[in-house]
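As a starting point, one isolated chain is supplied in structure tokens, in the form predicted on its own.
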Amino acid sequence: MAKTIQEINEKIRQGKAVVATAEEIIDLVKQKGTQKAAREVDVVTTGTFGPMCSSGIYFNIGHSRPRIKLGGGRVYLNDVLAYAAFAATDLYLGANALPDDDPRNRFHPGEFNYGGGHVIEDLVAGKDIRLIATAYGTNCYPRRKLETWINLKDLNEAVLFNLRNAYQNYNVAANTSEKTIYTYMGVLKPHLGNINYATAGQLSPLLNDPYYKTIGIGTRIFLGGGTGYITWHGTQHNPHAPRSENGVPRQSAGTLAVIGDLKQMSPRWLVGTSMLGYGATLSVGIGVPIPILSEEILRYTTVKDEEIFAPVVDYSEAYPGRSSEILGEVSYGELKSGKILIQEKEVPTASLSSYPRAVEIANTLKEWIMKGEFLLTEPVAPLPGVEAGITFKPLNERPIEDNRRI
């Protein structure tokens, strides 16, 4: 049995495509068997929603009268510093950006009440954003200062461009020290007082296509409430992470770089987020459709939380010190039960990702496809990856040291 994306798209156009979410496909295959389900089901939809720090937007504000060259100057959006080193009117705003007067962690733990992620959410929500810019002035761009209000509907272009999203598995965070610590994995209580994790497990996109057989450069996706595309593998992409027999990585592995039209997106799926004691970020909603081209691909999409394992890492010592030592491995089935057993201690668990929101994304994408509003794309190139059967070895990354030359 084999299908093509072109054949599936024709069924979508005709309103005949059979679509299931990555949650629904598990029971469907149990009822019908892999062979029959692979013939009947055309697409499996996935979803994830949670904080994704390596996110941001680029946009063009248009020209003032007289003209001003923002490149080389300083630009603030609602007092949050934007990156202005491109050209006259192009800007990039990262989710982690902060106002100059934010106290950061001067009074620990800092609250980080408003940053780049919050500006992005306000912009997508249709709010006016105050822009203050200073420049050095040139003959062709003589203006030296600009204070104005911008709104998403008035921008020439506005694009969400995220360098690293949708991690394929991730650490489970713990704290064995004697004090509370504040991390990008949330607040961690001392003496293994709690455990935090951060993916949607069985609904997560790259866990349903572990070898990137259908997900590649050019894949059309649900992004921030609109449509977007995978542009490249994300930063820190590591397809060589150790894997279970089902192909699922047992630690952080693949990542995606994604892009999409910000004007299509929604503040429900792009949410400014404050991480106590760590910083500001952006919570992003992503959903990836997986075309069922073969029984093999279908089998990957039936992965269950009980079959996905992640390392428990001590964020008080091992993580900041870049030690490979872990406290153990646990399944997402255990994590989602609300408690796990670590070092003979029962520890409560909580997720930084929203599973209900991931379900909503998968169902929304399913609805778009069934209505004929969302066609699949053929990747123009695969993500850097590995084939089943290869012996996997973790990357031996060399730590960056302070080697300044005098």
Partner chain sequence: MAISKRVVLHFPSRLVEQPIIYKLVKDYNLVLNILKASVTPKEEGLLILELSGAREDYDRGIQYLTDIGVRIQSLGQNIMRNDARCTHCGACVVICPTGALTLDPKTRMVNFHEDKCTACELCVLACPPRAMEVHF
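Numbering follows the first chain given and starts at 1. Worth saying up front: this structure is predicted, and the values here are computed from it rather than measured.
Here the subject shifts to the form predicted together with the partner chain, a form of this protein not shown in this document.
Engineer: Give me the residue from 323, 294, 264, 113 that has a heavy atom within 4.5 Å of the partner chain in the predicted complex.
Structural biologist: If I apply the 4.5 Å criterion carefully, the residue I get is 113.
Engineer: Using a 4.5 Å heavy atom cut-off, which residue among 75, 187, 257, 241 comes into contact with the partner chain in the predicted complex?
Structural biologist: Filtering the options by heavy-atom distance leaves 187.
Engineer: Quick one: which of 28-36, 350-358, 371-379, 54-62 gets within 4.5 Å of the partner chain in the predicted complex, going by heavy atoms?
Structural biologist: Looking at the other structure, the answer is 350-358.
Engineer: Can you check whether residue 124 is within 4.5 Å of the partner chain in the predicted complex, heavy atom basis?
Structural biologist: The answer is no: residue 124 has no heavy atom within 4.5 Å of the partner chain.
Engineer: Using the partner position in the predicted complex, report whether residue 272 sits within 4.5 Å of the partner chain, counting heavy atoms only.
Structural biologist: Because a heavy atom of residue 272 falls inside 4.5 Å of the partner chain in the predicted complex, the answer is yes.
Engineer: May I ask you to check whether residue 132 falls inside a 4.5 Å heavy atom distance of the partner chain in the predicted complex?
Structural biologist: Although the partner chain is absent here, residue 132 would stay clear of it in the predicted complex, with no heavy atoms inside 4.5 Å.
Engineer: Just checking whether residue 194 would be counted as a contact of the partner chain in the predicted complex - the rule being heavy atoms within 4.5 angstroms.
Structural biologist: Yes, contact at 4.5 Å.
Engineer: In the predicted complex, does every one of 49, 276 and 336 come within 4.5 Å of the partner chain, counting any heavy atom?
Structural biologist: Per the other structure, all of 49, 276 and 336 touch the partner chain.
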